[in-house]
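First comes one chain, alone, set out as structure tokens in the form predicted alone.
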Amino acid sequence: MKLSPLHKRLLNDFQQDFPLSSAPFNEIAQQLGVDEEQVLDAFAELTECNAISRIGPVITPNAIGKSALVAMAIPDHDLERVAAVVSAIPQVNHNYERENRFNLWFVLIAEDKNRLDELVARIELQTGYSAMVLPMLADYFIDLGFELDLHD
């Protein structure tokens, strides 16, 4: 998919400071000088081509419910399948590959510890692999926004 100037602005300008209002897409549209439908269509296209996976808040870990970092050691031949199983779970914040024996990492969020344990058990059952749950001992905030070089 070739990115339009609107796609590029949406990707670069709204990773942080997404409007917190009853009509955030309309607010974005006004900032960019387009109409709300164009913004909604552009976000839908970005989602369709997997440029974005979700639009939502990032809440401080364990401020609401329980969260944990989870690592799994998955053979290379099965990594894509297992990553798809994990990514299909709505309570997974993000899911990524690392170059390590534990090569699949994700953040899991649930309303309480019991639900978190249930989700880990479900992932292990569905994938056939064990998960290592790493509780948070201290939190460190890093800005996860990226300046994307989207010039043609």
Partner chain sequence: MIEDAKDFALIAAVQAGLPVAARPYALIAEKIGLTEGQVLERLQRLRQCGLIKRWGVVVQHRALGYRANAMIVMDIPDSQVDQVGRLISRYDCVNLCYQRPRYPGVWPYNLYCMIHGKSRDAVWVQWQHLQDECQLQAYPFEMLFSARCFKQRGAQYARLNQGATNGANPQIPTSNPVAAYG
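Take the two forms, find the largest set of C-alpha atoms that superpose within 1.5 Å, and that set is the rigid core. Residue numbers count along the first chain shown, from 1. Note that this is a predicted model, so its numbers are computed, not measured.
We do not show the form predicted in complex with the partner chain, though everything after this point is about it.
When the partner chain is considered in the model of the complex, residue 91 lines it closely, a heavy atom lying within 4.5 Å.
Using a 4.5 angstroms threshold between heavy atoms, residue 135 counts as touching the partner chain in the model of the complex. By the criterion of a heavy atom within 4.5 Å, residue 87 is counted among the residues contacting the partner chain in the model of the complex.
Taking the partner from the other structure, the partner chain in the model of the complex has a heavy atom within 4.5 Å of a heavy atom of residue 97. In the model of the complex, the partner chain lies within 4.5 angstroms of at least one heavy atom of each of the following residues of 4 to 38: 10, 11, 14, 15, 16, 17, 18, 19, 20, 21, 22, 23, 24, 25, 36, in sequence order. In a rigid-core overlay of the protein, residue 87 has its C-alpha displaced by under 2 Å between the shown form and the other one. Residue 64: CA moves less than 2 Å between the shown form and the other one after rigid-core fitting. Core-superposed comparison between the shown form and the other one: the CA of residue 10 exceeds or equals a 2 Å shift.
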